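Form predicted alone, single chain, as structure tokens, below.
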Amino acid sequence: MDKLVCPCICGRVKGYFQRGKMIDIVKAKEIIDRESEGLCEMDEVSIVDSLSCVLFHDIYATTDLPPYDRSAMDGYAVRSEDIEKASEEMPIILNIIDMVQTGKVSEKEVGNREAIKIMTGGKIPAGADTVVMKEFTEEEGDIVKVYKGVAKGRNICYRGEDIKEGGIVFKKGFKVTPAVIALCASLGISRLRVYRKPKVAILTIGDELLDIDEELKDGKIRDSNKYALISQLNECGIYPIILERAEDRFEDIYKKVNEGLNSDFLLTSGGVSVGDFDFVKKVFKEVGIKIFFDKVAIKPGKPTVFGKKDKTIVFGLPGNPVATMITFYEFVRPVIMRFMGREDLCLKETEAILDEDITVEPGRMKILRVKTIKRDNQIFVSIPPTHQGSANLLSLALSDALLKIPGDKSEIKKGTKVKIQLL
């Protein structure tokens, strides 16, 4: 097989790569979709633990909501015919015969020229057909003066006006939000069947890495990838399993990769390139992970690895911080969201206008970090004044979108309409 010599900066031969091994981003995503199909599972959880999950079943109303006619205001339950002519100049005087606190029920019926004092949420007593707001009244002992006529039915929430018993409230596939949880609580539904949230293990690899609170030493860097992946998974509603960081030794990586294979997903970061101490692909093969691809024609993110063992999906992500985060957005996030039944698989895409000329090297697809600004009801994008290297986190921190430039293009002019992914 033909080999291409890849010279390093100093001009010496650094290594080789084989033609045909690198695949484009579309093909990579097709492979991931194919190999992750049918992995969704159902889980039954308390409504407290269901936030951001997706319903695995339809939910039916167990009762009417509201369950009875109730007052929408603090005021007085009255007959509308008694007060229709009330005004500031000629108030209507009614006898107060009872009071309804929230959670209490009056046994009395409102008759001619009578009123029952009622609190917000109180059950409407028999005989009453409207509620006069407290602000339009004046109470004096056992009577109340009404200074404004109110139409029949005003300030009453009627039984079942929100939900009728037996009707479908939410269909399978609906995302659980705080409002969904509150409504389920109102219906007396304490547990939900949802798409199971996957168990995701994170393993960062590298002798150069230090913990976040360790003193920085010469030749060392702090492990930002662990925290990047944790936060990106948190955005998906996932709280990952964090494996102890691995050293650049085959045995150590082997041991910790085996631990991670007990999860639904294993995400490793670092050790996937072609250096003397990049053992990840060798370990993957040794533990029985089938590798489907190990190079993608994108920059950053070329050495991304995708594999699978039994039902465990495995991603070997690059070690450079920006490459780690971008390949997570492009490859990992969609399959994890699909596992959970979520429709918001990918980053939201929108159209924008380039605010400057962009020149890049042709070859692999370039994924640039860009900043958006809205002018004249249109979105414009430009590159922040930072380095776009795969290790330059500031470029990503200052950006709020990604712009993909196809590998066959080297220049895009200012004013061109482009599609961006919003971060």
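Residue positions are given as counts along the sequence shown, with the first one as 1. Note that the coordinates shown come from a computational prediction; the quantities given were computed from them, not determined experimentally.
This protein has a second form, the form predicted together with a small molecule, left out of what is shown; the following refers to that one.
The shortest heavy atom separation between Ala182 and the small molecule in the predicted complex exceeds 4.5 Å. Interface residue remark: Ile336 is not counted as part of the site for the small molecule in the predicted complex, having no heavy atom within 4.5 Å. Within this chain, Asn225 lines the site of the small molecule in the predicted complex, having a heavy atom no more than 4.5 Å away. Mapping the unseen interface onto this chain, Pro321 counts among the residues with a heavy atom inside 4.5 Å of the small molecule in the predicted complex. This chain appears without its partner; in the predicted complex, the one residue of Ala72, Ile143, Ile168, Ile221 with a heavy atom within 4.5 Å of the small molecule is Ile221. Residue-level contacts in the predicted complex: of Pro198, Pro300, Gly271, Pro125, one residue has a heavy atom within 4.5 Å of the small molecule, and it is Gly271.
Comparing 113-121, 312-320, 146-154, 342-350 against the small molecule in the predicted complex, the single stretch with non-hydrogen atoms within 4.5 angstroms of it is 312-320.
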